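One chain is shown next in structure tokens, namely the form predicted on its own.
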């Protein structure tokens, strides 16, 4: 009986894994930035990467949509699979991959275009809309998902750069979800925002996990505790500990995690 339940639980865990990374190493020329990281990231879950500055959390995040490919001196080894498919396979087009794995950066970076065109850009280049009406629907749906539709619906043709910082970041989230990705990566998405805008984006992250696997890098342990269900602690390029967020913050197993959480290293 026990065997049956164990197998059953293993199967359900395997089915819930969206991203599986094993033996991941990252080098910048001779600098060994990420050391043998193994992690399974769940679907429809917010996973937070925490750790001191320079510990490798953003470098590892950028492996998940091959953003490190754009850095000449960067070399990535190991396996990263999304839904069982190797994203570093030569047959995989990084541009198509980045439609499936959306990214939101630290600083809001809307294109110098209208609010509408910011969101319509991805669906247009990926051929996701068959008509203007179709594109209008995609843009509205993405802006609603970005929790900014009501604020901008009457000025869709105004420049995206004219919005406040918090609105710009929600516009960037809308832009990222417009291509119907399955994974959403966020690299310190609130670090340039005031507390009110931060609270709005955090609320939005909680809603987004109903549809996506969300992975967020954050300097703020309070933010990780508020928005994530799983937390990974990185230190000096190593993934030290990965567990349920509550466990990491209340009962970490590794003394380095405990030292970071309590403020002794950081």
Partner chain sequence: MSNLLIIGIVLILGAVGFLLGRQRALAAAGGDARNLHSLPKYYGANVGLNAIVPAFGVLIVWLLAQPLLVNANVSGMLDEGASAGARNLLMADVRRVADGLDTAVSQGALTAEGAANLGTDTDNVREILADVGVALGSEVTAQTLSAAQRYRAMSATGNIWKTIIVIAASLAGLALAFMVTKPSFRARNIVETGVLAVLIFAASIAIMTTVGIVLSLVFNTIEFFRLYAASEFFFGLRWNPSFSGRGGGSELGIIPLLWGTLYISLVALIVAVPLGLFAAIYLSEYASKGVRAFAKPLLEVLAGIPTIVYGLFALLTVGPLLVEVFGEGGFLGVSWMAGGTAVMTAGLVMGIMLIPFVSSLSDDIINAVPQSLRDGSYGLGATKSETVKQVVLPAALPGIVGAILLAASRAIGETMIVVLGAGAAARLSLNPFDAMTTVTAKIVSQLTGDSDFASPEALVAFALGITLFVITLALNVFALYIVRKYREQYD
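Numbering follows the first chain given and starts at 1. Predicted model only: the values in this text are computed from it and were never measured.
Just so it is clear, the following notes concern the form predicted together with its partner chain, a form of the same protein that is not shown.
Of the candidate stretches 81 to 89, 154 to 162, 190 to 198, 140 to 148, only 154 to 162 has residues whose heavy atoms lie within 4.5 Å of its partner chain in the predicted bound form. In the predicted bound form, no residue of the candidate spot (238, 240 and 261) has a heavy atom lying within 4.5 Å of its partner chain.
Contact annotation: residue 166 falls outside 4.5 Å of its partner chain in the predicted bound form, judged by heavy atom distances. Contact between residue 111 and its partner chain in the predicted bound form is found at the 4.5 Å heavy atom cutoff. Heavy atoms of residue 133 never reach within 4.5 Å of its partner chain in the predicted bound form, leaving it off the interface.
Although the partner is absent from this view, residue 31 stays clear of its partner chain in the predicted bound form, with no non-hydrogen atom inside 4.5 angstroms.
Taking its partner chain as positioned in the predicted bound form, the residues of 97 to 115 that bring a heavy atom within 4.5 Å of it are, in sequence order, 98, 99, 101, 102, 103, 105, 109, 110, 111, 112, 113.
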